[in-house]
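What follows is a single chain, given as structure tokens, in the form predicted alone.
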Amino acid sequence: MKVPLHVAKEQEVKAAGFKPTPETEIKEKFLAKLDDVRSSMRSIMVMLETCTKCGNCAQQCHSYLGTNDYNNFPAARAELMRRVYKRYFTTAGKLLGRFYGAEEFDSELISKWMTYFYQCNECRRCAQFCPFGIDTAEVTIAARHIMSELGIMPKFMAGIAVNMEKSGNNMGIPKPAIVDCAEFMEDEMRDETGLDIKIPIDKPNSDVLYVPSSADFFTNVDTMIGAAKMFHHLGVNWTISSKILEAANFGLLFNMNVMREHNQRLKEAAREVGASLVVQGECGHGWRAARMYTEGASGPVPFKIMHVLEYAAENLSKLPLRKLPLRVTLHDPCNYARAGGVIEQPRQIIRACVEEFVEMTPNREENFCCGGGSGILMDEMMEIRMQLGKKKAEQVKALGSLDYFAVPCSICKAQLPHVMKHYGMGSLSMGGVMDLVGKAMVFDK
């Protein structure tokens, strides 16, 4: 079979805790896993059976609009699963085969699945415009799960699974490095404010467990600093955990069992520090996984879960904010606007922090994806990523001159600088919403 460049090699698959499937057994195991999905995720089958291929989703999909590839048309992508489902699990498909739109399993099918289900950003915009509410992202999630159970996954995803198991974060940062990074940020805040603002690590008897993205300790430090300043001013008894320095949960993006393991790690970390409130940092899909699946897929939780932007908006009147002389727009991460209920809060915060806030068109639930969502951050897919980011670049360019692009999601923060540079806007300053909070806060020295 033709293997896409981003697929993990056998040793990488094994290192991630998965067992590669011999080629002679792939068909049997593939159909068994599809049957598992068929019986355990009936909503997927309802979607496959309901779609009339009306085409309404085509012009709403940034993936299709960016690549002009028919298989990136959401209904056509779902057809890759629908055809094999019809062939092996419907009477008409078994009897009539291709005359009923059914298709035999072969090695090329797996190659197509790996290619096109990893060109879907799982942004759920198609569901927003589908007259039947069909959510192709759910089909994509199921397809990726099936492939990973066969030992077929991107090397990027495999590497993250290894890092999470070893270190509790996607970047593989060990605790001594976490401590060093925290001390560096504390020094930065002390030089700026004259205050001893701490980033506590593994502090017992804490009321709040803050779960940042690991990128906030290297590439997005101003996001972490903004959160630390907020907690300090509010007098919050808080901590981060070295066991789960990761808001992102890549299991949602390729394997549901890995997602549950991440959620269990979150529950254990909260128990160890005694937190009654878990505050999730700026990560889109991580927020969806925490909000919807920590309890739903991983059992009861004895604590409340909030997003950091919800928390900041709730305490906005208590924060000493000045308006920064900036013209700012906001990118709505897909898993906030279409899956997580974090829509108005970032707008409230930005308006409190800057002199001018301008909206993209479209925005909120109808906003376009950054093109890197669902973990499509592989260097091997850079050309595709730029195509998937085309609509977002057009949205930003239409606004004219900007001073700052607020991007409250770690994957979006990793993707959009490349997109802006590719489309001629490389000088645009970008960062999180909590970055603005940190910069706008005024402390008495």
Partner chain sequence: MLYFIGQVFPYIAMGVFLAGLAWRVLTWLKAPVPFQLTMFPAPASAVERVTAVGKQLCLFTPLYKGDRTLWFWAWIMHVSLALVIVGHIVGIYFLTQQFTLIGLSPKASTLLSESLGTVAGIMLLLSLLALFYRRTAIAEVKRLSDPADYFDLLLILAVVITGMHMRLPTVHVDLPVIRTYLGGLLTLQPVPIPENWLFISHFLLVNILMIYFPFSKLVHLLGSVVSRAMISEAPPVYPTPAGVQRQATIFAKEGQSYESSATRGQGTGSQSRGV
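Since we're looking at a predicted model, the values are computed, not measured. Positions refer to the first chain, counted from 1.
One more form of this protein exists, namely the form predicted in complex with its partner chain; it is left out here, but the text below deals with it.
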- Query: What is the one choice in 397, 418, 27, 38 with a heavy atom within 4.5 Å of its partner chain in the predicted bound form?
  - Reply: 38
- Given that its partner chain is left out here, which of 273, 185, 130, 330 has a heavy atom within 4.5 Å of it in the predicted bound form? 130
- Message: What I'd like checked is whether 73, 148 and 305 together line its partner chain in the predicted bound form, meaning each has a non-hydrogen atom within 4.5 Å of it.
- Response: yes
- Specify the contacting stretch among 189 to 197, 74 to 82, 346 to 354, 222 to 230, defined as having any heavy atom within 4.5 Å of its partner chain in the predicted bound form. 74 to 82
- Item | Interface membership of residue 261, its partner chain in the predicted bound form, 4.5 Å heavy atom rule | yes
- residue 87, heavy atom within 4.5 angstroms of its partner chain in the predicted bound form: no
- Non-hydrogen atom contact residue 171 with its partner chain in the predicted bound form at 4.5 angstroms: yes
- Evaluate residue 49 for contact with its partner chain in the predicted bound form, applying a 4.5 angstroms cut-off between non-hydrogen atoms, and reply yes or no. yes
- Going by heavy atoms, what in 292 to 315 lies within 4.5 angstroms of its partner chain in the predicted bound form? 292, 293, 294, 295, 296, 297, 299, 300, 301, 302, 303, 304, 305
